[in-house]
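Let's start with one chain on its own, the form predicted alone, as structure tokens.
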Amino acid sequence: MRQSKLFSKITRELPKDEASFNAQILIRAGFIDKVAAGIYTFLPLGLRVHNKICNIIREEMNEIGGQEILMPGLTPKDVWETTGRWGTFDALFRLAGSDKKEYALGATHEEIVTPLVKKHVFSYKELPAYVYQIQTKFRNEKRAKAGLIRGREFSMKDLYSFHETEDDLNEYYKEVQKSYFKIFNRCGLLNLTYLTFASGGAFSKYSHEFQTVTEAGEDQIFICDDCQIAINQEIIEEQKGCPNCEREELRQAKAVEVGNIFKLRTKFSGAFNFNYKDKEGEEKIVEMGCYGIGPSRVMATIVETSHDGKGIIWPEEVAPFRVHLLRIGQMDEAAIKKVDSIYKELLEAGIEVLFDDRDVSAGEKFTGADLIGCPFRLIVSEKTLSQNKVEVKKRNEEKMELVSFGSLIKFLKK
């Protein structure tokens, strides 16, 4: 991508109507645009990051047997009435259609997925079943003040599992836990993310959250450093110590919930009379689990936890581009062609490149590169061209290295 062709621009000033750091810097760097409180447009750079996070999630969900579907964002009132949540789910956006029927914008999809899978599963032979989607969710949040961390419109991966027995549900639940840690590792959040015990609500004694420690967090968690697990503040009085080792001295920290998993058990299968026939031909009720990750929230959390005073520092797997190539200083036509050839060679080698070919000062280019935060910055100037070399700097390091044209691609791929 030539930066001169990128329609979104870096802005000098922080947005005045944004309190959260993640939204401030993502807007300033040209990743997102604010439409209203809790509602954002993803611009080309931001969408690239968001899609990479989604693809990491997709790969890991497929690895544990998930089959991807896409359910509607507009949902009829009657399914919510079936589960009793039409009148109790405070965050639902409710609206009336021209057919005079009432609808809700999808805040979660248990009411859609349960009758859907019921149409296709009748016997123990067809269980377990795992389906997931990555889709936009809508919630009428009263506190949409944390940028992409808490939006009124946001992206969500929701996986639903269907089982013969509670034991089978419990085993898959453990598999999802492992899968989630793989996702957070690939997104650069593993060392700050804790499996956190939380209230199970109407579903079970406990659910589990995946909480990433950051001062931008809205939650308070209590961490057992011995077991590397945590407890959400909502259940700390009831639990009285680490659920694993019973240690009472726990470290308190602010955190962002980047994922959660629930054992739904039979709450929704019961509401929709979703049964199956076991080996003896007897009807049994299906056991269910639900597992969520918010890609847009993960993106915001990466920004909150991986930055310096100059800008964002993207982990390599989610960065908008692996390389930011900067053409610095005045050049004659032959030199410009040489830089263009370096750009093309990188692309042909399968390396994603943002090429700053703009006619602006070197200082503006350096500032922009640090703000955008690609893992590698390559500088080509008259001086480096005279040596047949490129100046290479990692975004998270201060040192620079001169690398010859002939070994540049090998250097970047190692």
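In this text, all values refer to a predicted model and were calculated from it rather than measured experimentally. Residues carry their position along the shown sequence, with the first being 1.
Quick note: we don't show the form predicted in complex with a small molecule, though the next part is all about it.
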property: Option touching the small molecule, based on a heavy atom within 4.5 Å in the predicted complex, out of Gly289, Pro320, Gly294, Gly106; result: Gly294
property: The unique member of Lys263, Arg139, His324, Arg327 whose heavy atoms fall within 4.5 Å of the small molecule in the predicted complex; result: Arg139
property: Proximity of Glu257 to the small molecule in the predicted complex, heavy atoms at 4.5 Å; result: yes
property: Non-hydrogen atom contact Val213 with the small molecule in the predicted complex at 4.5 angstroms; result: no
property: The small molecule contact in the predicted complex: Ile149, any heavy atom under 4.5 Å; result: yes
property: 4.5 Å heavy atom contact, Met156 and the small molecule in the predicted complex; result: yes
property: Location of the small molecule contact in the predicted complex, chosen stretch of 337-345, 113-121, 245-253, 294-302 [non-hydrogen atom, 4.5 Å]; result: 294-302
